[in-house]
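Take a look at this single chain in structure tokens; it is the form predicted on its own.
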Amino acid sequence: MSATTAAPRPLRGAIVGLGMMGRHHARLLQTSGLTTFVGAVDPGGDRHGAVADPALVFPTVRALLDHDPASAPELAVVAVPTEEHVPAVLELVAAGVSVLVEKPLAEDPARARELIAAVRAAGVQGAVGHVERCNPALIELRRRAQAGQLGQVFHVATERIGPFPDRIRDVGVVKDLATHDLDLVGWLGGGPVVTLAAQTQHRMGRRHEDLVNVVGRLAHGTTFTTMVDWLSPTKVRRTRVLGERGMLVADTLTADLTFYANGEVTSEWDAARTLRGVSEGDVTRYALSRREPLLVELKGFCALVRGDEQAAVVSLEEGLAAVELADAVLRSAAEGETVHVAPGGHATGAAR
């Protein structure tokens, strides 16, 4: 292999947090070939057996950084509970480590801005783990919608329901799960959220909400709905984009994408022609190349750390926008108002 085509040296990578998500990140950091694994941090140890070498499991970030300065991490995935994101990131970036932070970026917009400021001041790279953007069904759905397959897009609908995951203790369903969808509706619909109204429920005796229903509008008029809960006895992950020529439906659990084309309804009655609706047309399920979304995410982040400004990552600012939208959802539910959202996701007041 010539020097010009040689694969780049693997980056030194670490994981902070070995819980439900962290153990999967640890697996890829050790096996993908994109990184050389230099350590994991979890004060509770490696309870899932995610790390091949027990000597590389450390109780604190400081212990990881001090272990071997010659093999200090160049990048780290931060997968600790949301309320611990900022302290972990501050310590890592101060040591020159680029960070991929699991979503949500932080527990509230102020803390998210503090995190972003620290990354920028340190001169390292940062991105957010909104892994649904790496799902092959959603990537292809977005490509087809942007290419005009649906014509004008009318509506984006997401459904993310299932049983309560015992791992969650610090946030409710809005910040843990709905941040996926609040990020996706604009990404798929082609414009930022400008208004939203939400209703929440508390059914499990926890301080945080366990169901949310959101309706809203994007900047160019497309509407959206988002349904998320921890109360359903079956797990559903479905995204639907409706346009003038039909509908694209993605099942992100199976990475299936289906197109439902509009049929033609003809009429010889002149007065009825302007009222013509649609009928059921052809249905196509696409054959997609399926790659693990977390691997796609890691590949994009490694490219960013190497200096690729066009790398396929979710920026820190996009992560902040999702946190601000989550705050707007909770405010709308608490106050019973439709909230106007300024560019960037900041809620500015009740819509008039």
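When you see a residue number, it is the position in the sequence shown, counting from 1. Remember, it's a predicted structure, so these values are computed and weren't measured experimentally.
The form predicted together with a small molecule exists for this protein as well; it is not shown, and the discussion that follows is about that form.
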- Message: Residue-level question: is residue 49 within 4.5 Å of the small molecule in the predicted complex, judged on heavy atoms?
- Response: no
- Going by a heavy atom distance of 4.5 Å, is residue 198 a contact of the small molecule in the predicted complex? no
- Exercise: residue 22 in contact with the small molecule in the predicted complex, heavy atom 4.5 Å: yes
- Message: Can you work out whether residue 18 and the small molecule are in contact in the predicted complex, taking contact to mean some heavy atom pair no more than 4.5 Å apart?
- Response: yes
- Note on the structure: With the partner omitted here, the residue among 221, 151, 81, 190 that in the predicted complex has a heavy atom within 4.5 Å of the small molecule is 81
- Find the only residue in 321, 313, 29, 41 having a heavy atom within 4.5 Å of the small molecule in the predicted complex. 41
- In contact with the small molecule in the predicted complex (heavy atoms, 4.5 Å), from 68 to 76, 208 to 216, 101 to 109, 238 to 246, is stretch 101 to 109
